[in-house]
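Just the one chain here, laid out as structure tokens, in the form predicted on its own.
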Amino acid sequence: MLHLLTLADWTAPQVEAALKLAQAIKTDPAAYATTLQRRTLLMIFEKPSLRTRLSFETGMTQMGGHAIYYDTRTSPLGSGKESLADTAQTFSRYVDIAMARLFKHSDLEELAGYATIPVINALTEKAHPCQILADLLTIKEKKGTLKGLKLAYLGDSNNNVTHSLLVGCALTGMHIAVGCPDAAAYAPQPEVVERAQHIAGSTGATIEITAAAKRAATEADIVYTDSWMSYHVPSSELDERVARLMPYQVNEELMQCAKPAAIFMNCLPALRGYEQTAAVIDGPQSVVFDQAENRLHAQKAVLVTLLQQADRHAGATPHG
């Protein structure tokens, strides 16, 4: 069964095909208005959401399907009265595909391990593949290509977005420079960097981790940042994190290090005056709302890809 738990689960050709399909769906949505007719998506939410829920549910509706919102806070799963294994085996009998937005990646892996339908990672502490597919779609729209571009990521880098960007850039031949404090609490996890470097060896991408913000941003085609206070970070750490991360704020001075035609990205939500200034995120180089819109189109492509693969698998599997 083909899932999407991290981008490393997919090959470079699979990512390329998904982006091509996303662009086709975005260009001519009417052609896909019945593609998922009579299909049901289960949406499991342990973490709060704006873009994720709206884009997945809208995507299913626009392609003729249906989505069920399942809040673990009001369910047997969230109360600990139902195991992950039993939950996965049960929902596999009811719905065609599932997505989950969870705190622990290991829980997602357990769900996928017991499910007999495709499972999509809609965000865990380890990875955010759907976001990065939307990002890659946005970059390709704005720049016409991916291979050979340079993406600079600034700020807290021990998070799901940075980890998925490292792999996504490596798969598509994009160079990535991560600017962050030289401390384990703020740097990408070594095993993710190692995995991305392994992939980059076959695509020509380069990967750099540096404590120098301006070095990371120099000659970048894309400048990217994310929240300094991820969902798992307690509010008591705000002052300390701001002090450590303020040198990596994306402001007008830092943007001048990038190429004149560079675009600015943030996966949202964003706090003006923290990870970026208002002048940057609300300025002419910002594409953050195009980026947000593309969650819809990229996730439609993921849904279609996984369900078509599941159909082929079912057709090839003997029954009885």
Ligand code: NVA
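One-based numbering along the sequence shown. Computed from a predicted structure; not experimentally measured.
Below, we turn to the form predicted in complex with ligand NVA, even though it does not appear here.
Trainee: By the heavy atom within 4.5 Å rule, which residue out of P269, P260, P284, G273 makes contact with ligand NVA in the predicted bound form?
Mentor: Exactly one residue meets the criterion: P269.
Trainee: Name the single residue among Q249, T172, N159, T138 that comes within 4.5 Å of ligand NVA in the predicted bound form, judging by heavy atoms.
Mentor: Only one listed residue qualifies here, and that residue is N159.
Trainee: Kindly indicate whether L123, H128 and D226 are, all three, within 4.5 angstroms of ligand NVA in the predicted bound form, using heavy atoms.
Mentor: The answer is yes: all three residues contact the partner (heavy atom, 4.5 Å cut-off).
Trainee: Taking heavy atoms only, is S230 within 4.5 angstroms of ligand NVA in the predicted bound form?
Mentor: Because a heavy atom of S230 falls inside 4.5 Å of ligand NVA in the predicted bound form, the answer is yes.
Trainee: Among 22-30, 35-43, 61-69, 261-269, which stretch has residues whose heavy atoms lie within 4.5 Å of ligand NVA in the predicted bound form?
Mentor: That would be stretch 261-269.
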